Structure formats: C-alpha cells, structure tokens
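One chain comes next, on its own, written out as structure tokens in the form predicted on its own.
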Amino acid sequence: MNVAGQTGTRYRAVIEYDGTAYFGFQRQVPEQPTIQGQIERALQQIAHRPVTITGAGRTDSGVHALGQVISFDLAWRHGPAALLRAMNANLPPDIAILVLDEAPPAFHPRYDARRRTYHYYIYNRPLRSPLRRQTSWHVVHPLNVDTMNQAAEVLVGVHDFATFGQPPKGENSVRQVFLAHWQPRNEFLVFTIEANAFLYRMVRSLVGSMKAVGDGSWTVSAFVAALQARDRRQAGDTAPPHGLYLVSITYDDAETR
C-alpha cells in the first residue's frame, strides 16, 4: 500500500479482448474507441475520478489479446477480487479482466516485461468462413508449412529486424527471439513467436513474408536475404491485424496468460 497522500495501491491486471471494434489499445481522439479508453472509463465509473492505465503493449487496430497486462493506481478498500468484479461489470462484453492483484509501487507492465508471446492465425482453406473473418487471415491457396518453418527457424536468436518493423522509440531495431514456429491446428496454421520485445508491426510483417515463402512466391533464401538487408522496403506484404493475438507476457515473478 502506498503512503497517505498518494493515489492509492498499484494494481496489475491481465486482460483479454476482441479488438475488432477498436482503434487499437492506446487511447486516441475521443471519438475513436480504444481498449485503454474503455478500461479507463470503467475505472472512472468505480472511482468517480479519472484513472490512467498503462499497458504492456500497444496493439494495433483489430488486434486481439489473451494476456495483455495493465497497471493503474487506485484508492480501493474492498480488495482485488471485488475490484475485478466491479471492473468487469462496467466493461463491454468484448473486454474482460481475467486476473487482478496488487503490485509493487514501481511495477511497470511494459518496462518490467522480459518476454512477450504472440500467435498469428491463418485460416488456410479454399472457401471463406464468415465466422472466422475477424479472427484469422483467410488464405485460399495451400501453404507449405515445412518451408515456412525453415524461414521461422532463421528468426531465433539476436538479429536486427529493421526489415520487418520500426522501433517504437529511438533507432534500435535489434531484438532477441526465443522461439518461432508454425503449427497446423485443424483448419488453421498458427505462428507462435516469443521475444524480449517487438518492433512496430514486426509480427505481422514477418507473417506476411513467411506466407510468401509458404505459397512459393519467395524462397527461404529470399526471406533470409530480406532479414539481412535491414531495409523495410525488402519486406513482403504485411499480414492483416485481425489474425494477431497477444498471448502472454513474462515477468521475473510470473507469466501472464
């Protein structure tokens, strides 16, 4: 608990959301709905004053999350379980608080994160699926998952990913990838990637280029050459946002999922 005169206890929450109806996570102009805006609105209903939240990642418009992490400071006397219920009662059906607990006063969901994991879903069937159109990328032509995995293997390690994204701040485009692979899952091809951090649109850019490897437009060698070029112009098409999910974030004390 913070000392008297400060804003209260710092809380950490894990949230899940369907990003279809939102202009990304980060609050923007008032007329554009965002995940941050909705959560802050719910907290204002509870606290009767503005409450600002901080997120671990700024997902784009249409991107979903299973394990986004936020923090905020709030003077609340009824315990985390009651706060979780109150927040969910004031949130729309496409956003939910999964876990909520007290955090150290200095906790920062973005800067304290050690690893982040994303999934990307490709619906690889000849006919479109209306029920999957907002949650996966429909690719009509068959994709070769073996060659896509050969490309994914190249990503593991420390690399300069300037070809596949832009740094959120500064100019450092070097990131460490701990795992990257494709896996067939029923009618989907699912890409899993875990890294210490990501560039802006890095996952979607990688997926778009690996899809080109899978359909034969690119060779694995061409993919490697694009990575080594460190030139944004060498990337393939960027995959659409609605197939991307922020799955989990790992901290020194726990993994959120």
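Because the structure is a prediction, the values reported are computed rather than measured. Numbers for residues come from their place in the sequence shown, where the first is 1.
Unshown form predicted in complex with another copy of the chain; subsequent notes refer to it.
Participant: Tell me, out of G170, P104, G157, P130, which residue has a non-hydrogen atom within 4.5 angstroms of another copy of the chain in the model of the complex.
Facilitator: Looking at the other structure, the residue within range turns out to be P130.
Participant: May I ask you to choose, among V145, L84, A162, V139, the residue with a heavy atom within 4.5 Å of another copy of the chain in the model of the complex?
Facilitator: By the 4.5 Å heavy-atom cutoff, the listed residue in contact is L84.
Participant: Taking 4.5 angstroms as the heavy atom distance cut-off, pick the stretch from 71-79, 173-181, 104-112, 88-96 that is near another copy of the chain in the model of the complex.
Facilitator: Only one stretch passes the 4.5 Å heavy-atom test: 88-96.
Participant: Within a 4.5 Å heavy atom cut-off, is D237 in contact with another copy of the chain in the model of the complex?
Facilitator: Judged by the heavy-atom cut-off of 4.5 Å, D237 is well away from another copy of the chain in the model of the complex.
Participant: Is the gap between A226 and another copy of the chain in the model of the complex 4.5 Å or less for some heavy atom pair?
Facilitator: No, A226 sits far enough from another copy of the chain in the model of the complex that none of its heavy atoms falls within 4.5 Å.
Participant: If we define contact as a non-hydrogen atom of the residue within 4.5 angstroms of the partner, is Y17 a contact of another copy of the chain in the model of the complex?
Facilitator: Yes, contact at 4.5 Å.
Participant: Are any of the heavy atoms in V203 no more than 4.5 Å from a heavy atom of another copy of the chain in the model of the complex?
Facilitator: Answer no; every heavy atom of V203 is more than 4.5 Å from another copy of the chain in the model of the complex.
Participant: Which residues from 230-252 come close to another copy of the chain in the model of the complex, meaning a heavy atom within 4.5 Å?
Facilitator: The stretch touches the partner through Y245 alone.
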